[in-house]
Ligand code: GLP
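Encoded as structure tokens, the following chain is the form predicted alone, with no partner shown.
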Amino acid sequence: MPMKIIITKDFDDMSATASEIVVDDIKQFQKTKQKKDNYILGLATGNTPTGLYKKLAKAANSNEFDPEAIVSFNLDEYIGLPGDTSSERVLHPESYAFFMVQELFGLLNKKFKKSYVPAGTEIDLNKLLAELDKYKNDSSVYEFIGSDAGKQILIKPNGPSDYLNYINKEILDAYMDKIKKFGGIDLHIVGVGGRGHLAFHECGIPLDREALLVKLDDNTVGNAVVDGHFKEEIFAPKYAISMGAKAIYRAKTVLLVANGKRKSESIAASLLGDVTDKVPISMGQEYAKNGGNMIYVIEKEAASGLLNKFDELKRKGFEVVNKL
């Protein structure tokens, strides 16, 4: 299936265009049922999808589709937000669970049937760090995987650390199992990290990963401050739980939304360059070649590296829709 690239005028046009794609896909599913009862929607956080979510909520509240037959799964969640308990951490204004209530769930007159966010707030950062330090010289317990500063913390099965085993089985594996139980994700909304990373699948982490425990890249931490989520880097979390690229690109449709000049270089690299873990969103090329429905909806600043490359994009077999 050819990859589709839609270039929009501005943030609102990007949000409206992306929302129309999501709503149309939900309506088509709910009309035909497609052999399962619930539409499974993958959700991203960050500033980019906020306009999309407002329009999606408006469509739901106008009865364009039935939100009560939707199950959602979020991409990622921080570890190490302030709070002595998981309940305190999940209610922190920068938790992704709280973000979803503010930006989508709380806007709906009728709620989704179920909504899931990776259980990063259930992890006690101090316990995690203590276990990592205790076994730091034992690669049979865990390893740091990745070529850049952002690393996957790969926990080996059935090691001596009960706490690391708990994270592996009850948080990472359990999240993937839950998605499979519901029949997989029908459409996944994703954004773009500053260097082309996907959720918290950081640059340099191999692309064949499903659920990740991650030590965040310095660029990711810095951008959380630049974007106004934390006052200083000392307050920004350094660890997270995330879906990996392999899990994300298993969805029937992946809808990538992007705005802002900061994203332009990685957007261009993901489409004009090779598939590489240095730019995780480049996996969309391989996904589309293998039959996945890959759609980019990007506003003009994020698309600035593509505006004189339409012929090259078309030679690669991409469908380009220019709304400028």
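Residue indices: 1-based, along the sequence shown. Just so it is clear, the model here is predicted, and its values are computed rather than measured.
Beyond the structure shown, there is the form predicted in complex with the named molecule, which is absent from this document and is the topic of what follows.
- Residues within 4.5 angstroms of the named molecule in the predicted complex, judged by any non-hydrogen atom, belong to 256-264 and to none of the other stretches in 57-65, 23-31, 271-279, 256-264.
- The putative spot formed by R89, S95 and P237 is not touched by the named molecule in the predicted complex; no residue has a non-hydrogen atom within 4.5 angstroms of it.
- The listed set A245, L75, I79, I205 contains one residue whose heavy atoms approach the named molecule in the predicted complex to within 4.5 Å, identified as L75.
- For A199, a non-hydrogen atom is located within 4.5 Å of the named molecule in the predicted complex, even though that partner is not displayed.
- Put simply, N293 is far from the named molecule in the predicted complex: not one heavy atom of it is within 4.5 Å.
- The named molecule in the predicted complex comes within 4.5 Å of no heavy atom belonging to L212.
- Although the partner is absent from this view, G191 contacts the named molecule in the predicted complex, with a non-hydrogen atom inside 4.5 angstroms.
- Contact annotation for 39-61: residues with any non-hydrogen atom within 4.5 angstroms of the named molecule in the predicted complex are T45, G46, N47, T48, P49, listed in sequence order.
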